[in-house]
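Presented below, as structure tokens, is a lone chain in the form predicted alone.
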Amino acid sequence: MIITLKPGTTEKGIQHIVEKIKELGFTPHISHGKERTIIGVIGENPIRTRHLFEAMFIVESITPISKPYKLVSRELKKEDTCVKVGNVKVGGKKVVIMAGPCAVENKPLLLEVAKAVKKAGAKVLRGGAFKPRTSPYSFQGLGEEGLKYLAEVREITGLPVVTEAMDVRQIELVSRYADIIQIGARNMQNFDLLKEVGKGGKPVLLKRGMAATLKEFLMSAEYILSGGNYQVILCERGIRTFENSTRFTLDLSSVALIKNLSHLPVVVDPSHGTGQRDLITPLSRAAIAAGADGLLIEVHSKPEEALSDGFQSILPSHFENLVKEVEKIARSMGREI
């Protein structure tokens, strides 16, 4: 349930409510708004205790949370959440573009691409050090060596880094080098992994599973927030349907719907969502028009030689044009790159 406190409630009053919630065996989650403070009470059937709080003079109202995803829900938090990564804010007025190669192959190539995408307007460098592949014989990534390259290129370019952790045992290692930990589509319901990143303070980029409903997607995010980590970015990257002319079906309706259901920022990955480089720019424009807070784009200077997903990677020159196109849409909506 949601406890809304009256305007002007002191910190002492807030703490009194919090202590009472804990005493009853529930977990409090505080959200400070512009005028009012609200406290989410999370646990099994907390609404049965509402009478204990209704009698308190600092309580303005008590509202049940109808959604199963309590902390993620916009019912709990009306204002949009901004996830801070260094000087970059995901979820604010600016549209944030994350770009780079699908996989970290070597340092010279990574540095070349990083410099190019930064010059074009990217604010975050993406690159996989650990790669979940359909075939066990495909390139699986460089592991810690790749993470070191990402960290070294960050020092040179100033771009924060997002990269994937595939296993609970990799969290500590990836956290040592990355600024954002990505949870890939295949791990969206790896609940032990979600719990582990929920314990940490690193921002998390959570990708929607290829066969996941929006409810399942948001419930996975709930696992992370319930652990205490509120720095979560959602990523729509396409789902499996009967359509086979594209790699996946990019569900842009989910962007608009998530904005209604949740306060968390949403980015779109049109590279995986289509699997066709010619479709990436038009669907990037459409994603921003639908309300996305950012994009995740695969860029490679020699896609034909890429060790992973070269067919859906675009050249740096094409990325530069993509940014210009997306900027037009963003400006028309009162936003900027």
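These figures come from a predicted structure and were not determined experimentally. Numbers follow the displayed sequence, beginning with 1.
There is also a form predicted in complex with a small molecule; it is not shown, and the following applies to it.
- Partner contacts here mean any heavy atom within 4.5 Å of the small molecule in the model of the complex, and among 279-287, 38-46, 264-272, 62-70 they occur only in 264-272.
- Though the partner is left out of this view, residue 118 does not reach within 4.5 Å of the small molecule in the model of the complex, counting heavy atoms only.
- Within 4.5 Å of some heavy atom of the small molecule in the model of the complex lies at least one heavy atom of residue 186.
- Looking at residue 77, you'd find every heavy atom of it more than 4.5 angstroms from the small molecule in the model of the complex.
- The shortest heavy atom separation between residue 228 and the small molecule in the model of the complex exceeds 4.5 Å.
- Using a 4.5 Å heavy atom cutoff, none of 123, 293 and 335 lies near the small molecule in the model of the complex.
- Between the small molecule and the residues 143, 92, 86, 132, the one pair within 4.5 Å by heavy atoms in the model of the complex involves 132.
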